[in-house]
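Here we start with a single chain on its own, the form predicted on its own, put down as structure tokens.
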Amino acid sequence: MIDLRNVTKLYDGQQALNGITLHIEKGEMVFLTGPSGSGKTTLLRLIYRDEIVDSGDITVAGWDLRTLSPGSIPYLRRNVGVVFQDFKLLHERTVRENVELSLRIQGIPHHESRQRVLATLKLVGLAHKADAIPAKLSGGEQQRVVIARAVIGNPAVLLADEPTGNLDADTAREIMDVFKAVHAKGATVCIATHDANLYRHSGCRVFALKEGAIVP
């Protein structure tokens, strides 16, 4: 599902990633870990095609990202959901409207999009907050909205960048339960985190990064 072969990424001549090779199976849940600045976010941005590799090859869900045309990027991103570190929610819109926005952009009929939004909000435990404004929600609830927005299109791949970084331990466990539910529906899930409590005893593979390279 996700293949990186000897991937290198430079910023201003400095290596952010150095010779990364990894394979993530379809339907697998994995974790990326490492200290701040180790390359976790850069790696996710490459998978999302927000950045382009300087050398090496990367394929995601059958797409060759080195040769992907600009016009094809939106189609790739319909198959890749992203949970950002900063929520990027539209605070003048309701929870329902935030989650539904991408379906509206795709031209999904209102009756269909409404049903999908309600089903997705139920999945993340927020059906009762559909008409709330994000600013009135707790941090954990806002994170659930972000996850709902990322998965509303049933993406094959879900990427999350430090999704529990600003949450307390109990809320972090609840958010991880949401990711497990999304994974159980068949999505390939890749979570970047510095918090070992998220992946310890998970049974999932963990890729550790240090100074832009994978370490044992």
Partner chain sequence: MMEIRFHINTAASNIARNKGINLLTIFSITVGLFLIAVTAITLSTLKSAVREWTRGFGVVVYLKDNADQATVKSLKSRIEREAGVKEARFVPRSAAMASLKTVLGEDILEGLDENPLPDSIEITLTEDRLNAEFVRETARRVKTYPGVEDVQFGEQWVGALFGVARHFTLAGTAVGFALTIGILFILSNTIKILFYRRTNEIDILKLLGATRWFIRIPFMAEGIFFGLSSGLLASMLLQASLAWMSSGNAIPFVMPVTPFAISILLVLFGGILGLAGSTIAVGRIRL
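The shown structure was predicted, so the numbers you read here are calculated from the model rather than taken from an experiment. For clarity, a rigid core is taken as the largest C-alpha set superposing within 1.5 Å between two forms. Numbering follows the first chain given and starts at 1.
The protein also exists as the form predicted in complex with its partner chain; that form is not presented, and the subsequent description refers to it.
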{"query": "Contacting member of Asp50, Asp57, Asp54, Glu174, with respect to its partner chain in the model of the complex [4.5 Å, heavy atom]", "finding": "Asp50"}
{"query": "Non-hydrogen atom within 4.5 Å of its partner chain in the model of the complex for each of Val117, His128 and Val151", "finding": "no"}
{"query": "4.5 Å heavy atom contact, Pro70 to its partner chain in the model of the complex", "finding": "yes"}
{"query": "In the model of the complex, Lys136 touching its partner chain (heavy atom, 4.5 Å)", "finding": "no"}
{"query": "Residue contact check: Leu123 to its partner chain in the model of the complex, 4.5 Å heavy atom", "finding": "no"}
{"query": "Residue contact check: Ser102 to its partner chain in the model of the complex, 4.5 Å heavy atom", "finding": "yes"}
{"query": "Any residue of 177-207 that, in the model of the complex, places a heavy atom within 4.5 Å of its partner chain", "finding": "none"}
{"query": "Shift of Gly107 between this form and the one not shown at or above 2 Å (CA, core fit)", "finding": "yes"}
